[in-house]
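Two forms, one chain: they're shown below as structure tokens, one block per form, named structure 1 and structure 2.
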Structure 1
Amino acid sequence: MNKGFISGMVLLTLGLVCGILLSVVNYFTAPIITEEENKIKYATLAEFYTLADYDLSEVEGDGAFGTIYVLKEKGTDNIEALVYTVSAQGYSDSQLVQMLIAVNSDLSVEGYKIVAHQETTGFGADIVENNFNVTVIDNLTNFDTVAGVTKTSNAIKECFTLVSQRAVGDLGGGLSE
């Protein structure tokens, strides 16, 4: 037989075995990773609200929006708050800046937190705990950027802008669950 053919078959077999092994590992670890990510998000939600005081549901967003958490007054259909998972491109090409932004029914911002990013340590990564001076979601005129980390600041402002554009409609009855 041809040595090239034998070598090709060995490589093909090794590739298939490695692919199957990676699939099996992913099958077992993907749910665990998702569960851990959800724990982090729910812990962050609990920083904004006492979750036991609300009926909590989730709506899957589209585009830059991930899960939208809907907090309703217990036993009613009155939306008290929405917590948006939203992402925008920062400095890092490998991961978007992902935030949770909590908006009350009166459009006041209850809080916000960056839950995922891979911004540069010493630069963009250091501003994630900053106060960006956003208190009402439909008024971003006082947004505070941070000098020297323009791309990360712009990503955070983009997250607020996206939520600002959507929240008024969602809280006005436009959110479909």
Structure 2
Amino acid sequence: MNKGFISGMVLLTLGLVCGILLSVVNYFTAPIITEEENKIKYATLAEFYTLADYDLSEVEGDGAFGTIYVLKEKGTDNIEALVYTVSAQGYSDSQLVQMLIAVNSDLSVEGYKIVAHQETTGFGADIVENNFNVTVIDNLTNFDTVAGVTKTSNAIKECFTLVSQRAVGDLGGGLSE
């Protein structure tokens, strides 16, 4: 028989055996991997809500919005809360200020967190916790720009403004009813 054909058959057989072996291993490890990955992915969300109490789904946002997490009451279609991933230009050119903002269905803000930024060390993420107290999403009047870190605080303000514009539509009458 042709030598090339035999070599091909050897490799084919080996490939099949290895493929079956890998799919068996994958069958057992894949669910565990998904669970572990979700744990890490939702670690920040878990700071705002007890995730086991809700049905969690994801919507891809457009423009400045990244993933939007939708938390529904278990077993129903009522949206209890939305967690927005939103970014805006701060001081750094290479990395936008990226925030997670959790908004309840009554438009109150459950919490917010800077997830990525490259602002000046010592300011950036810190100023949110120290200077802003946003409790209701459609009231941004107590939101002052901080002197010295104008660009950073403007970025944070822009994040909130974008979310406030969008959340009113999403929660007020659009998605939830």
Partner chain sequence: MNKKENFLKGFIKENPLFVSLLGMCPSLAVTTSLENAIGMTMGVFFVLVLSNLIISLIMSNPKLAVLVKPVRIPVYIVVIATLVTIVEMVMHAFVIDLYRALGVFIPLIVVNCIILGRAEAFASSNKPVDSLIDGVGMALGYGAAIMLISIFREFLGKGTLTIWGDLQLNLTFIFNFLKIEPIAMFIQPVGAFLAFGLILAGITAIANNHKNKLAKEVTNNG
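Numbering for residues begins at 1 and runs along the sequence of structure 1. Please read all numbers here as calculations on a predicted model, not as lab measurements. In this text, rigid core is short for the largest set of C-alphas that superpose within 1.5 Å between two forms.
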Form predicted alone - structure 1 or 2
1
On a rigid core superposition, would residue 57 pass a 2 Å threshold for CA movement between structure 1 and structure 2?
no
How about residue 37 - superposed on the rigid core, does its CA move between structure 1 and structure 2 by 2 Å or more?
yes
Please say whether, between structure 1 and structure 2, the C-alpha of residue 108 moves by 2 Å or more once the core is aligned.
no
Core-referenced Cα shift (Å), residue 21, between structure 1 and structure 2
27.7
